[in-house]
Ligand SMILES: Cc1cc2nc3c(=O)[nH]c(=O)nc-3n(C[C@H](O)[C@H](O)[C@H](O)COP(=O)(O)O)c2cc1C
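Only one chain is shown below, in structure tokens, and it's the form predicted alone.
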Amino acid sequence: MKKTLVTIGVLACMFASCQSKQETATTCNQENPVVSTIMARRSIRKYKPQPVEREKMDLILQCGINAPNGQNKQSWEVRVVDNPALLDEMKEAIAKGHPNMPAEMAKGCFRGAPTMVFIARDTKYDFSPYDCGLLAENMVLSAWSMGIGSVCLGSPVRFLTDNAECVPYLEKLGFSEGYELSLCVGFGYAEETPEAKPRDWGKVKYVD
């Protein structure tokens, strides 16, 4: 009888411990705003036409430049374009520079984002691509917490840097000598609510 009671007690403790862990995880997801933002954020590819208010963009940019970075070199430069006419000119230049590209691809290269952020890396520092990625991650997460969607884009980097038609627009962005365009991030108010795509937890392992 005593042995049975001990077994029941152990099982009860294990159940309580398991339940406590589940409740902790649930509470963490529900009440921790950082975790909630990370888990809820989605890449947005359809936007309302109005650009993000500059006061809000200033805060997003502040969050970006406060990202971790190697040796505090801050090996990035950031340019923001929210002028729809200028964005249209850039898309037209991309189309002219790539005559074999479908017109819709050139037109949609910024995914309709009304505010575009162009991030350049310091080519003299080999860790700068990672610094730029950390910068962008801070920006997209802070934006989402403010109800602002975003999408990270690599193709416009290629489209803007592999032809002569786009050179004037790269020059207009005015990056310092030794910096090269590395990443583009679009921001705006979402016109869609995409579902989360599955993540492969099997790629994550603890090593003892």
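A residue's number is simply how far along the shown sequence it sits, counting from 1. Since this is a predicted model, take the numbers as computed values, not measurements.
The discussion below concerns the form predicted in complex with the named molecule, not included here.
- When you look in the predicted bound form, the only residue of L153, L160, I148, M57 with a non-hydrogen atom within 4.5 Å of the named molecule is L153.
- Residues within 4.5 angstroms of the named molecule in the predicted bound form, judged by any non-hydrogen atom, belong to 34-42 and to none of the other stretches in 47-55, 62-70, 167-175, 34-42.
- By the 4.5 Å heavy atom rule, the three marked residues R111, L183 and K197 all count as contacting the named molecule in the predicted bound form.
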